[in-house]
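Presented below, as structure tokens, is a lone chain in the form predicted alone.
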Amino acid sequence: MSTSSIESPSAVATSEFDRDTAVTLRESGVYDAELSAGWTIIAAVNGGYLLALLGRALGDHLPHPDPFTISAHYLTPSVPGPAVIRTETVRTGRTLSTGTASLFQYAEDGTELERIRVLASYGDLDTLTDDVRTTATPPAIPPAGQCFSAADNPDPRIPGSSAIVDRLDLRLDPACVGWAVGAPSGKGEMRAWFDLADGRAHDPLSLLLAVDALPPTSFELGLKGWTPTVELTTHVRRRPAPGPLRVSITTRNLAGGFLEEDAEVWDSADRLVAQSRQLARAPRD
């Protein structure tokens, strides 16, 4: 077991993201955590933040350091406050190890409520070869200075908390912000430059956040409100180069009250460093 991902009681992480995703080992495979209100959006704690928190616990529990693939089922909405994460090793191999993790919170009567359950395979990104054969291309986004930040035109018609916005440096592609001025494009697309507001460098854990940190594509489809994630699978492909990330999310099909979101995350070296697909419930007007 590695101990590098656990914040000791006397250590003070310089990044808010690291402090808020810190886990404390209670006993073998069991970790205590505190879900921060700083990562809430509309009605609940953000799913990408939660995925990073569970990813940190699994990275400590498993013998390999980096998430290669992690699939999460969001069972009930998480709220700020104490939580416990229970991890289990499923299999350990030479290059990959697989484990599960569940995050629990407490009802008013003290009983545990399972919020999220994940299955993940971990490896070592530093051992990957440089061989790349791809037809994927980075998203075309205007320079960050020509994009829109949350301060440019926040939309007060979306009720609830938007605390997570203050922890991110998002610069949205002007082609994807029609929703903010009452003129959604009708296209299921969202693109942005992505950084953490405190300047923390990107790593595999921040990639888990990035795939679920942009406004939902449903906004550009003309729907407002909470878009809760049902299931989210993320593939981490490379350790990101220093510098801002570009995130592109698309939806091709909203039907029966559900939609998919396919995300690509590109680093400053034009490498595809993460991919994800999630199923989400469409907002209910």
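Numbers for residues come from their place in the sequence shown, where the first is 1. All figures in this text were calculated on a predicted structure; none of them were measured in a lab.
One more form of this protein exists, namely the form predicted together with a further copy of the same chain; it is left out here, but the text below deals with it.
Heavy atoms of every residue among Leu128, Leu221 and Leu259 are located within 4.5 Å of a further copy of the same chain in the predicted bound form.
For the options Ser162, Thr98, Gln105, Ser149, the one in contact with a further copy of the same chain in the predicted bound form, meaning a heavy atom within 4.5 Å, is Thr98. Only one of the listed residues (Ala140, Leu75, Ala201, Val79) places a non-hydrogen atom within 4.5 angstroms of a further copy of the same chain in the predicted bound form, and that residue is Leu75.
This chain is displayed without a further copy of the same chain, yet in the predicted bound form the stretch 110 to 118 from 207 to 215, 141 to 149, 166 to 174, 110 to 118 comes within 4.5 Å of it by heavy atoms.
Mapping the unseen interface onto this chain, Glu231 counts among the residues with a heavy atom inside 4.5 Å of a further copy of the same chain in the predicted bound form.
With a 4.5 Å cutoff on heavy atoms, Arg252 counts as touching a further copy of the same chain in the predicted bound form. In the predicted bound form, a further copy of the same chain sits beyond 4.5 Å of every heavy atom of Ser15. At the 4.5 Å threshold, heavy atoms of Asp267 stay clear of a further copy of the same chain in the predicted bound form, well away from it. With contact defined as any non-hydrogen atom lying within 4.5 angstroms of a further copy of the same chain in the predicted bound form, the contacting residues in 267 to 284 are Leu272, Gln275, Ser276, Arg277, Gln278, Leu279, Arg281, given in sequence order.
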